[in-house]
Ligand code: GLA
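To begin, one chain is listed below as structure tokens, in the form predicted alone.
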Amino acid sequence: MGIAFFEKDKIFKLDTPSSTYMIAIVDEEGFLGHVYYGKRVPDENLSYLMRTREAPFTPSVNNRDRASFLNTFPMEYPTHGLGDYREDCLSVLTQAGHSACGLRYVSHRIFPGKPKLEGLPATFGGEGDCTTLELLAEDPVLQLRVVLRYTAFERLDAVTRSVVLTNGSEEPLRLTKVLSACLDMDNRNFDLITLHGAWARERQIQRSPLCRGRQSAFSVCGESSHQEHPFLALAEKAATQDSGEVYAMNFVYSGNFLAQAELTQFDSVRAVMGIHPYDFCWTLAPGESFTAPEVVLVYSDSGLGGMTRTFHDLYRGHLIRGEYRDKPRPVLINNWEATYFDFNTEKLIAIARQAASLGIEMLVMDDGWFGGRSSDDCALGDWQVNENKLPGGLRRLADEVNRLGMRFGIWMEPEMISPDSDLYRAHPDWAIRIPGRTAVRSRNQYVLDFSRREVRNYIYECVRAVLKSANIDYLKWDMNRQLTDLGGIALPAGRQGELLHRYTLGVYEMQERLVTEFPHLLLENCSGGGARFDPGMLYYSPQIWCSDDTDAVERLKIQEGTALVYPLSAMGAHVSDCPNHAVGRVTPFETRGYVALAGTFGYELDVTKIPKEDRDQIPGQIALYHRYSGLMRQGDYYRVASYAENHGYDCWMVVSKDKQEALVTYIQVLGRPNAHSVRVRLNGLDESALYRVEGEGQEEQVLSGAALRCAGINVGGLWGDFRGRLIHLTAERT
């Protein structure tokens, strides 16, 4: 495993445990070509796969058809304006107004470990974890140097890619498009898998045949968005959860993105990913560098499930940081759906007192504690406690909560400003807006210009002061609107196209400062629910609020799509009140607990007002969470059945790494008359081992892992809609 360069054949070979990625230097001009990506192969010369020995041949052989070569050659990093009419990755505008760019290989270096990306989140690994290849290419006309960086992981079938560009000329260059990765390959009747949705319906799985032309998922909202997601996968038509080849790409970034697959005239596929070029233009002065965010590539020859488990292991071990990466999260109760803005110290203490008696471990105070905030129409930016609502301030409240044996957390929305706020009245120029235009409001708020250091410094000091004013163990960082009327007062006219990326970098800088100064803080990111649930945010917070829709049935589809890529430990999931505040559905309290167990687990309700029969279940639910939290946080996830596909029931399981234990969650969404039990087949177990199968209402059995996989078990006896069951499997000692 690792990375090797075969000088005779001019081939770079990147190996992971089960995959190979191969690049070649082609022709005397040094084109960088993509040779192969797929199941691991021996050290052989596969350069024939690039078809350079057939028409139109390479330019050194047939320069009269250079354009045909450029438009068909499998480029490792395609550029704009010289004859490749497929989607390109790099476009540069010169002072003369020209946009063409062409890269040629110059040199390379291979070294153990993985360097950081300056100012950006990225996966990490030490010398024993991964190996990195840096390919230096250059456009000799523009004197633009481009480093293509690849890292291959030793124990995971993942390869990461990023790009660093440096202007070596004596005049500025304007980068109008910088994507981070391209993957050229032959089509094999692929399906394209993407994640789509809306507010309260995030990350719904969409699988459709890859068609002629360009199909994309993208965001130009200034965030990764509710509507689309920075992920795509190309799957063989016959690929299932358990078999078939899958190629996946995920963007470690939280702003505008483009994820696109293109099926060309010659049945080749080009998949690209990176910062969306919409409203992007970056001036690169002489000697300056620009670093593009990272793309994670995952290959699986064991279906979507193999892809999922690689992403989970990579992100748990090489992206998420901090002390909460490897330890249980506290069971919290958030007061938002319990009280909205109508609360005071006494009401919160009453909720905390009842919650503490049930075993809940943390109270989180949501929106409405600061400034004159009595609704969502005012006071964002005025991060001083409202002592009319909370006499004695945060310290008194936190101390009272701590005396009950609970920890205390708080909600903030640092990136936003209300027009009706003291901060806006003092600094209206701090909001993103275009002079002369009526500013666009959303949720009656504007966005602070985090591209400006003075704005970031002021807001950071506000957050810092709040966290230091009391014993605060948890911060929910929210962001409740998308970006519009893009104008940055501190940027000159020629650099307005830098605003969106500089804004995202500003958010990253703020959160890096936060987790550095407060290493014991549990940070949970949120964006109107799940609008910024992406790998970039996971680098700073070990968990992200999955969706504002907490209905257990709706969450089945949301959490299935999220878990396709992200570990269960990253998904903020709570038991909420009924009728549910998003859809009005009433589901059993027990079922709500089972669904939330596949996440961070907590409560979003008023425990003083819910029915006694529901309240009495809470200690048992918390006991289940503590019993299985290690398994859910560290185990291997298997999707058994999908309610989104069968419209009747949902089922997933988590298997411990040593295969000694597993937990199956089965949710019957709709009851059926005159029906047999449902048979589910369970994967991921040791086929030679015997397992005791147990669960309330489930026939106790001892079956082999082989029988559980091939024959399965029957799940029945659930009466009514929205009913669930946990089935626990333990390996018998022999």
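Residue positions are given as counts along the sequence shown, with the first one as 1. The structure presented is a predicted model; accordingly, all values stated were derived computationally and were not measured.
Missing here is the form predicted together with alpha-D-galactopyranose (GLA); even so, the following discussion is about that form.
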item	value
The single option of C526, C182, V565, A598 touching alpha-D-galactopyranose (GLA) in the model of the complex, heavy atom within 4.5 Å	C526
Option touching alpha-D-galactopyranose (GLA), based on a heavy atom within 4.5 Å in the model of the complex, out of D139, E245, D366, D157	D366
4.5 Å heavy atom contact, Q559 and alpha-D-galactopyranose (GLA) in the model of the complex	no
In the model of the complex, S421 touching alpha-D-galactopyranose (GLA) (heavy atom, 4.5 Å)	no
In the model of the complex, K476 touching alpha-D-galactopyranose (GLA) (heavy atom, 4.5 Å)	yes
W411 within 4.5 Å of alpha-D-galactopyranose (GLA) in the model of the complex, heavy atoms	yes
Stretch in contact in the model of the complex with alpha-D-galactopyranose (GLA), which is absent here, among 429-437, 398-406, 97-105, 528-536 (heavy atoms within 4.5 Å)	528-536
Full three-residue contact with alpha-D-galactopyranose (GLA) in the model of the complex, heavy atom 4.5 Å, for Y594, T665 and R681	no
Those residues of 244-280 which, in the model of the complex, come within 4.5 Å of alpha-D-galactopyranose (GLA) by heavy atom	none
